[in-house]
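In structure tokens, the next block holds one chain alone, the form predicted alone.
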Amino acid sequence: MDDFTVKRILHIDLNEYSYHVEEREMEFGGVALATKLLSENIKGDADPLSEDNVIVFAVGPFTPAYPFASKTVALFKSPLTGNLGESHAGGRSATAIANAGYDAIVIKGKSTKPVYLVIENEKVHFRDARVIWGIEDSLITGRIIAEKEKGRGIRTIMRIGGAGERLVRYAGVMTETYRHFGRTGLGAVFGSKLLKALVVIGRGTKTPKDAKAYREVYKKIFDLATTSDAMKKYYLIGTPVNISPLNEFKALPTRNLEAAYFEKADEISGEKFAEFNLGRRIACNHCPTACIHIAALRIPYEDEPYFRKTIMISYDYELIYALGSMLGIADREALLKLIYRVELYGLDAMSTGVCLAWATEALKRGLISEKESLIKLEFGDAENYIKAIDNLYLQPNEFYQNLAKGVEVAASIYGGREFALAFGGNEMPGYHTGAGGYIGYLIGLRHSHLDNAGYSLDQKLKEDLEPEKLVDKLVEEESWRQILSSLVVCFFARGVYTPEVVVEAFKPLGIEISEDELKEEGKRIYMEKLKLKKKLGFDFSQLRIPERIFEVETFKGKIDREYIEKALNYYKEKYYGAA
């Protein structure tokens, strides 16, 4: 009988081109297991772009078992923030890793030549990647590898584009065609290790201890999800459904947050994309919702006026915000071209958009000149932004070399820190909702809107809580999300996977745990991650709050600086100091 508490960890050493498997007892996988493994295998002072950095991929006990447990967690030291990096991706990666028989993969060292790894159940192959190193297009890289690696089972191909090879600090890792390990620079870590791709082909299965009870719980989860209004919304329009309401709230960051209302937001709304551009929907493995929306973009050939090629491009809320409203782009086709360019090089869209928005304002204010930017950056000029994205990849001068390190670094050199929109070194997501959102970015362990949903709390609360109570609620939510990230469950299904349902779902797998024990485990994982974050170089006293967020009104009015400072001081004493 399969034991869901025994975790199998595959350790890969690129220095020695060797591997071995370890087993250990743990009820949880995902971020709980990854935190433990990274802490054990990395030194605190490791250079993120050296062989001393370590990458951990982990899946959870629900991955082969239940709907929406479709995410893979990656932990590493971030070259963007200089401390803990965390990224999650959907697609087929989680199922492939689980079916190959592993709960986690640990990659350390650095190859002496470009390689890609192929994991086929018990075997690991170190393939020579010199012939594909230098291919800037991550999509082409994926097709080449897919043609060669046709093993039996569920296959995932995680790979980098040119931005990862050139060590852009916010380069991501693409998986399948439309999913990503974005944010905090995993692609640059791959590039620094001369690791072009990781292929996993899995063909194993696991059997629950109580098959009858398992089928009943599975049906309950499936029915809860497929009858949910939220899931219907994500299927019909996808996450871009949030563009219009956030704009009406005056919460949509526009033109580097010079405003929080985009007068042309209707043109790039989820409804308009669905009506005029939607080509198809796809789902992550083992997910019934299909929230991934793919646009069909027809591009004419230069010498053949009646012939066009069709490019399929994934779009979502964050991409539309970062490369749309943040840059003043209201033309959907132009926006899709920007998204496609970012995808091609394997850049993180949010960081790219925020960096270019800052550069545009810096040019307008005279902090830099066209000698640095090489082109005239203007809000709304998509054609020149495409050229700027090329420059971020190519890094033809010192300015773009610095901008490729993130907006925090660029602003520290050229000025304009007051409108450089990064939190803990991570460029901001698309929510100017109020104090809760920004406090959430600042204290979140990833500095992400996904950490604790402070942006959502802003919208739900008619009045701000006392700063101390707000911090406690944010930490409580983030602690629970550590459980979801240890299962590993997509956050879109967080309304389905309540503590009660999680307890019920564990039982057919042979694991008994109470709701109180779950919540305590979430708190424990949270503190372990915070300790790891501090070990890897995070210094709370170095957190910077961009002045811009106090200047632009939210739907509740302007944000109170004193309120945020009280919240941060309380967090520092109660949580940061205890780690």
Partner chain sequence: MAKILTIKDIEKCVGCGLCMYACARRLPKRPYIGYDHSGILAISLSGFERGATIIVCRACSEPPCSQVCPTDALVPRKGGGVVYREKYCIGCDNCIEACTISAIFKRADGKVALCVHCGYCADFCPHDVLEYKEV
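Here, rigid core means the biggest group of C-alpha atoms that superpose within 1.5 Å across both forms. Positions refer to the first chain, counted from 1. As the structure is a computational prediction, the values presented were derived from the model and not from experiment.
Quick note: we don't show the form predicted in complex with its partner chain, though the next part is all about it.
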{"item": "The unique member of Lys150, Lys462, Lys219, Lys371 whose heavy atoms fall within 4.5 Å of its partner chain in the predicted complex", "value": "Lys219"}
{"item": "One residue of Gly204, Gly380, Gly134, Pro245 in contact with its partner chain, assessed in the predicted complex (non-hydrogen atom, 4.5 angstroms)", "value": "Gly204"}
{"item": "Any non-hydrogen atom of Ile413 within 4.5 angstroms of its partner chain in the predicted complex", "value": "no"}
{"item": "Partner contact for Ala334 in the predicted complex: its partner chain, 4.5 angstroms, heavy atom", "value": "no"}
{"item": "Any non-hydrogen atom of Arg143 within 4.5 angstroms of its partner chain in the predicted complex", "value": "yes"}
{"item": "Its partner chain contact at Ser87 in the predicted complex, heavy atom, 4.5 Å", "value": "no"}
{"item": "Answer range among 525-533, 58-66, 39-47, 547-555 for contact with its partner chain, defined in the predicted complex as heavy atoms within 4.5 Å", "value": "58-66"}
{"item": "Contact check for Leu10, Tyr102 and Met428 against its partner chain in the predicted complex, heavy atom at 4.5 Å", "value": "no"}
{"item": "Sequence-ordered residues of 279-298 touching its partner chain in the predicted complex, heavy atom within 4.5 Å", "value": "Arg280, Arg281, Ile282, Ala283, Cys284, Asn285, His286, Cys287, Pro288, Thr289, Ala290, Ile294"}
{"item": "Rigid-core frame, C-alpha of Thr227, shift of 2 angstroms or more between this form and the one not shown", "value": "yes"}
{"item": "Pair Val173/Arg152, Cα separation in the predicted complex versus the displayed form, closer or farther by 3 angstroms or more", "value": "closer"}
{"item": "Distance trend in the predicted complex - C-alpha atoms of Gly153 and Ile9, change of 3 Å or more", "value": "farther"}
